[in-house]
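Below you will find one chain, with nothing else, as structure tokens; this is the form predicted on its own, and questions on how it binds or moves follow later.
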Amino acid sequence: MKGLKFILAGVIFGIIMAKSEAISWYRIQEMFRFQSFHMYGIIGTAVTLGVLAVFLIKKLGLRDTEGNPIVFLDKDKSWKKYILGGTIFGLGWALTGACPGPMFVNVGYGYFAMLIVIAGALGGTYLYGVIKDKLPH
């Protein structure tokens, strides 16, 4: 029963992604070609809600499901790794037309070719885990 709320949140997230057309390859291509504000509006809304959520978590001292305080750690100040990681992520997003959330929503919509993209994302994540100790951090 504890997992039910997460499944429900995932279903609601999928419905919102589908209804807002954030899973549309055409919408994503429009964004990368600077032809439409639609996706930038969705991303801006998500960033705004994220900032608000972090503010409220800190202000109200909220706790996680196990009763532990939620702590936000400061990020490393070096920027090169973020530029490299963001570039790789952006290239994958532009080439496949989907970032991680919409990949699964597209599979739920019946676009089973996205399973190849999911396999590639999981493979890349696994590869990073294998070689992360050899990378400059």
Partner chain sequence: MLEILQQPWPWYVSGAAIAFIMILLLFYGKSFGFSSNLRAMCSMAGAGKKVKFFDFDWRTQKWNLLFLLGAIIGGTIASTILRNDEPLALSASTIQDLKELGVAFDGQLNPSHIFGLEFATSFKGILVLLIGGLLVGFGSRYAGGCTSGHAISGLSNLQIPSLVAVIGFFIGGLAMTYFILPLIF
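This is a predicted model, so every value here is computed, not measured. Numbering follows the first chain given and starts at 1.
What follows is about the form predicted in complex with the partner chain, which we do not show.
Interface residue remark: residue 33 is counted as part of the site for the partner chain in the model of the complex, having a heavy atom within 4.5 Å. Taking the partner from elsewhere, residue 75 is found to have a heavy atom lying within 4.5 Å of the partner chain in the model of the complex. Residues are counted as partner-facing when one of their heavy atoms sits within 4.5 Å of the partner chain in the model of the complex; in 100 to 115 these are 100, 101, 103, 104, 105, 106, 108, 109, 111, 113, 114, in sequence order.
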